[in-house]
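One chain follows as structure tokens, the form predicted on its own.
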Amino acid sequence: MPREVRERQMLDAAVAVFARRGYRAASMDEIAELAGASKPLVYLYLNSKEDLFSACIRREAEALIAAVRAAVDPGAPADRRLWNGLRGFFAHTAAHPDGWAVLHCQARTHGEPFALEVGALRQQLVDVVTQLITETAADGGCTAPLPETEVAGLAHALVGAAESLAGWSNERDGAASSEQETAATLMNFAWTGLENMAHGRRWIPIGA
């Protein structure tokens, strides 16, 4: 069997076991058995449990970023670009719940170097959303230009909300929303606020 195929099988098995057991409780024996390989072969290909987990994070992160970028049509209207990006995100996390569990739950709870891998993923998502927000404001006839710091804050907030919603949707036993429903929930929240801000309609606290 080609090394690429065998390694993919090992990563598939590892993602499933890490998602189900968690990093610390997952065993290389179980991963090897699920992959249909010997434990020495898993170590030969992927060196250690830590390296295997890091490889899982990188693969799942790259797949998620690729899905979001592929969903965004540069020629579409501003609201459709944002909408398609959100749909791409939620469609991927719904179709790959184990991969999302590894990225969102497991990798965040075990410190370095895994937190750095997840941080890099989050920054890539923030960069994509920052560009979408900037383009959306410009294409929508923005009459009150948004400062860069505010755009960055909005991008971080939107990514954080998307991450939280994906986890919530995937964990709802028997009542999970479709990716379109989940995307629509966040799109309505984000689009209404963004449109108001872009036209100078802001909420101001009383007495400010």
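In this text, all values refer to a predicted model and were calculated from it rather than measured experimentally. When you see a residue number, it is the position in the sequence shown, counting from 1.
The same protein also exists as the form predicted in complex with the DNA; that form is not shown, yet it is the one meant from here on.
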Looking at 47-55, 149-157, 179-187, 62-70, which one sits within 4.5 Å of the DNA in the predicted complex if you count heavy atoms only? 47-55
Check whether L165 has any heavy atom within 4.5 Å of a heavy atom of the DNA in the predicted complex, and answer yes or no. no
How about P145 - does it come within 4.5 Å of the DNA in the predicted complex, if we only consider non-hydrogen atoms? no
The DNA contact in the predicted complex: M28, any heavy atom under 4.5 Å: yes
Hey, in the predicted complex, does L41 get a heavy atom within 4.5 angstroms of the DNA? yes
